[in-house]
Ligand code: HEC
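Read the single chain below, which is given as structure tokens and is the form predicted alone.
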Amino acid sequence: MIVVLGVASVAVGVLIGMPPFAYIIIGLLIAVPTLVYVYKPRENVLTNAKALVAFFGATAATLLIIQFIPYGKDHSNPPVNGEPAWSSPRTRKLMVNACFGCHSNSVEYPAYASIAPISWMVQSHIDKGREEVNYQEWNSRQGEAEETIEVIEDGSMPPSYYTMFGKHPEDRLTNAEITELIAGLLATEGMNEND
């Protein structure tokens, strides 16, 4: 039963894009106390119920302890350093809806982004997004900007975990909006490989 719960936890973590360090911390904080309890010599035989109590106790303690890890708790945004000269206000609005949740300095953190390990996942996604391309750091070199159109066309952005389960419905662009956005990006300098 404990193995099944562990595998299910890893599967959910992969599905929602949990950062690698989170697996290590959570795994150690849950596995170590559980294994100590399971393999501790005693005269009573360990029952499945006692093992589950140990596992869930370790899980509850872990969830409490990880709240004190500061990563993902600072929700300040760096100052805006310039944006592209968008071809139209509509192009910017579509980009704000679809991309600024991770690729800008104007990220609006959801309320649940203060609770670990969710805060770790949110911050990891934002850090990675800003590293790839930041549409509000345009005065700095943005090496991946010319791939913007490609990732929108192939559907890899926004990533499926970002809009899964009804999250961020404003980021789900219709086919007509995607076509409109791509046309606007083609007319925006620096957004395609031909510039």
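Because the structure is predicted, anything quoted here is derived from the model rather than measured. All residue numbers are counted from 1 along the displayed sequence.
The discussion below concerns the form predicted together with the ligand, not included here.
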In terms of non-hydrogen atoms within 4.5 angstroms, which of the given stretches 27 to 35, 145 to 153, 52 to 60, 66 to 74 touches the ligand in the predicted complex? 145 to 153
Give a yes/no on whether H125 approaches the ligand to within 4.5 Å in the predicted complex, heavy atoms considered. yes
With the partner left out here, check for me: in the predicted complex, does some heavy atom of W138 sit within 4.5 Å of the ligand? no
So in the predicted complex, is the ligand close enough to A116 to count as touching (4.5 Å, heavy atoms)? no
Evaluate A98 for contact with the ligand in the predicted complex, applying a 4.5 angstroms cut-off between non-hydrogen atoms, and reply yes or no. yes
